[in-house]
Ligand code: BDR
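Shown below, as structure tokens, is a lone chain in the form predicted on its own; questions about how it binds or moves come after it.
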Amino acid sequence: MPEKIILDTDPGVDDAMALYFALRSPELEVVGLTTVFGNGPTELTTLNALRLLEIAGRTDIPVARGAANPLQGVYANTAAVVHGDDGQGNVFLPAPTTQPIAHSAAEFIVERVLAEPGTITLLAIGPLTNLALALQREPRIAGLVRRVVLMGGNAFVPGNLSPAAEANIFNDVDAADRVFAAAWPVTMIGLDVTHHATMSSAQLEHYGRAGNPLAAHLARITPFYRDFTRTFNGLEGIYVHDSTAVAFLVCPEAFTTQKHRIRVDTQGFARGKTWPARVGLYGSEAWAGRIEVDVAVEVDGPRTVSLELQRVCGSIP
């Protein structure tokens, strides 16, 4: 049976790639999208979630609007340089014809998990505010989810929003620390592996030749993202951050993970850093009592990128 996932997302160019990868993977059943701030304000990311499902012909999937701000402080919209003013590479899609459901993201997560204990995976590819709010609303869900897989963090490599921090974690450090502290099974797909999953400019051209509406949309929006990556990272292509978390669900054998307890630095110059500690490591008292997290440390990047292209494009030369 396909693994049922709630995709917690802030679309976002790479979120669109991840969503379409998931929708085209028979191993997965997307049962809902929950939106959050990150690659744009929540109002925009919610509109984009609805638009993306409409392009895919999947308006049957419910969209629940999520948090507009982190648990503490106010969201600062700084992602337009990466994803465009519209969050979709400045293609400025028409308004969606559908609406989000009445329930909030946290309410939707709690209701689905309680209704189907042991079957729902939370796939979080944005800031972790909605997951933290769902835990706050109903702590029992920690023991009732199938698992939590998140794209975020950096255990043994530098950050991408600061030298210390990865963007999704940085955007709500308090929520992230709560998610890593909860007693549920978590896998962290962070920069340790996503910077080894790169899609070249030549590979991106496959989207434009695929002949289906999902790939055609990605062909329109990825050039903006590629140009940002070229300018700021010197890469002739893109990092497929969010899609790497989807790849873990459908192709786990392409990954190597290690067990670590994780604390998130919530203040100072290292704010947003995900600090790993092995059990029994000297000086690890501050990590005591935390559940061990599966931290992805190696990936067969070419394999996961090829798999994504094959799924979304139908085939590749």
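Start at 1 with the first residue shown and count on from there. Being a predicted model, the structure only gives us computed values, none of them experimental.
Separately, the form predicted in complex with beta-D-ribofuranose exists; it is not shown, and the next lines address it.
- Contact annotation: Leu131 falls outside 4.5 Å of beta-D-ribofuranose in the model of the complex, judged by heavy atom distances.
- beta-D-ribofuranose is not drawn, but in the model of the complex it has no heavy atom within 4.5 Å of Glu308.
- Although the partner is absent here, Ile125 lies within 4.5 Å of beta-D-ribofuranose in the model of the complex, judged by heavy atoms.
- beta-D-ribofuranose in the model of the complex comes within 4.5 Å of a heavy atom belonging to Asn168.
- Proximity to beta-D-ribofuranose in the model of the complex, defined as a heavy atom within 4.5 Å, holds among Asn48, Thr274, Thr35, Asn39 only for Asn39.
- Proximity to beta-D-ribofuranose in the model of the complex, defined as a heavy atom within 4.5 Å, holds among Val193, Val246, Ile109, Met151 only for Met151.
- Between 137-145, 101-109, 213-221, 159-167, the stretch whose residues reach within 4.5 angstroms of beta-D-ribofuranose in the model of the complex through a non-hydrogen atom is 159-167.
- Taking a 4.5 Å heavy atom cutoff to beta-D-ribofuranose in the model of the complex, the one contacting residue in 242-276 is Asp242.
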